[in-house]
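A single chain comes next, written as structure tokens; it is the form predicted alone.
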Amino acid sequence: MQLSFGEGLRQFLGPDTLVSVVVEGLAKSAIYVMIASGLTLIFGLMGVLNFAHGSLTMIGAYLAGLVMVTLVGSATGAWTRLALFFVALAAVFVALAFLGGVMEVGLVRQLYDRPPIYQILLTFGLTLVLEELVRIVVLFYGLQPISEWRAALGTRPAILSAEQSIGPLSVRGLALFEIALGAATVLGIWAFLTRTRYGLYIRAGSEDAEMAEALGIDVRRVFTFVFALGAGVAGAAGALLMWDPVWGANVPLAAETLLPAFVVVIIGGLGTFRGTVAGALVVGMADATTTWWFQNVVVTWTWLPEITVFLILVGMLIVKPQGLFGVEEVGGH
């Protein structure tokens, strides 16, 4: 039922609706920060705009779905399914990190001395190749590449499919799970970058690669590690999306995740992890808020929330082109 503007505003500001929108916004932000973190890590140190990032997320979704469909049966309990999901998450992270390391050593490394357009063309070509390879494999096993993998969605435990009560409020169990996993990802990457020796090497290499190499840091090895880490995080994001009915494991997931990842990174500021977290919060909350308004008040334009994040991007480029926390020079560019 369509509400008038006044009725919509009163309902929106009510505790139940407001908390629900905030939770959905945080869940969307958690997904966006997981998708975009690997992208900003790679660009922050290496200056490489990895257009294959979305394809890595899509491959991660299919690999996680494969593990879950293989290990989960109809009699498997909810907590066992959650435990198996984290097994799948770890397996996907390792597999995608290995693939990312191979891509960096075998392909990307050859182009560091070339103009950035060569890296863009290479990674764009990679995403086309990876998407077609996955499409061929998916069709070979009788699945539809353009629709979500229903069997993988069916491995989601009932505790995440149902609404969970928090006092008088009711929120989606999956939304709470996405928020928890997104927060864990942010804390893990922050702790790694600021509390470990290798994190120090990465930050040193992003500030001045020549000086870091003069001090004995093997910058090429750091580059490989960062590319592998970024690919692994992208795969982990795909594993989470495999359970989300809005996304699901499908071939178009590559493009569907690449665009918001770039939007989040640009809004936050290229090459800064703090900016990526802030950008994800802005985009996630704006997405959830506009989705509610255009589903309940302005129901004739239900497609508009999809454009909102790009309008925010345009506004940011006009007002502050470097983003919320951007720096003038990143990754040597």
Partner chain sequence: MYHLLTTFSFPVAPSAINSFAIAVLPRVDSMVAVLYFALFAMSFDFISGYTGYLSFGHAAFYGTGAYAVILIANGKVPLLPAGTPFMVSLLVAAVLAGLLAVVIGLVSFRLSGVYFAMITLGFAQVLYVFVRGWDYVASNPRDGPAVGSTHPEGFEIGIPFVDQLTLAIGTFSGDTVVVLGHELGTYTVSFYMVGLVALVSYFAMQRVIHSPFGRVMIAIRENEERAAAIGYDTFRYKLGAFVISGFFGGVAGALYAGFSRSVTPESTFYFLTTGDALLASIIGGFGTLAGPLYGHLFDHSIREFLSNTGQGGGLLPFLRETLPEGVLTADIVGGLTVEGFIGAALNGHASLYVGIVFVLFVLYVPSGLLGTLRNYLGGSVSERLPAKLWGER
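Only a predicted model underlies this, so the values are computations on that prediction, with no experimental measurement involved. Numbering follows the first chain given and starts at 1.
Not pictured, yet referred to below: the form predicted together with its partner chain.
S.K.: Report yes if any heavy atom of residue 317 sits within 4.5 Å of a heavy atom of its partner chain in the predicted complex; otherwise report no.
M.R.: Residue 317: contacts its partner chain in the predicted complex.
S.K.: Check whether residue 23 has any heavy atom within 4.5 Å of a heavy atom of its partner chain in the predicted complex, and answer yes or no.
M.R.: No, residue 23 is distant from the partner.
S.K.: I'd like to check something about residue 140: if you look in the predicted complex, is any of its heavy atoms closer than or equal to 4.5 Å to a heavy atom of its partner chain?
M.R.: Residue 140: yes, in contact with its partner chain in the predicted complex.
S.K.: Is there any non-hydrogen atom of residue 43 lying within 4.5 Å of its partner chain in the predicted complex?
M.R.: Yes, residue 43 is a contact residue.
S.K.: Name the stretch: of 66-74, 23-31, 273-281, 47-55, exactly one has residues whose heavy atoms fall within 4.5 Å of its partner chain in the predicted complex.
M.R.: Single hit among the candidates: 47-55.
S.K.: Just one of 128, 94, 211, 183 has a heavy atom within 4.5 angstroms of its partner chain in the predicted complex, so which one?
M.R.: Here the answer is residue option 128.
S.K.: Tell me, out of 259, 162, 83, 169, which residue has a non-hydrogen atom within 4.5 angstroms of its partner chain in the predicted complex.
M.R.: Contact check passes for 259.
S.K.: For the spot marked by 89, 98 and 291, is every residue within 4.5 Å of its partner chain in the predicted complex through some heavy atom?
M.R.: No, the whole trio is out of contact, none within 4.5 Å by any heavy atom.
S.K.: Give, in sequence order, every residue of 116-134 that has a heavy atom within 4.5 Å of its partner chain in the predicted complex, or say none if there are no such residues.
M.R.: The stretch touches the partner through 117, 118, 120, 121, 122, 124, 125, 126, 128, 129, 132, 133.
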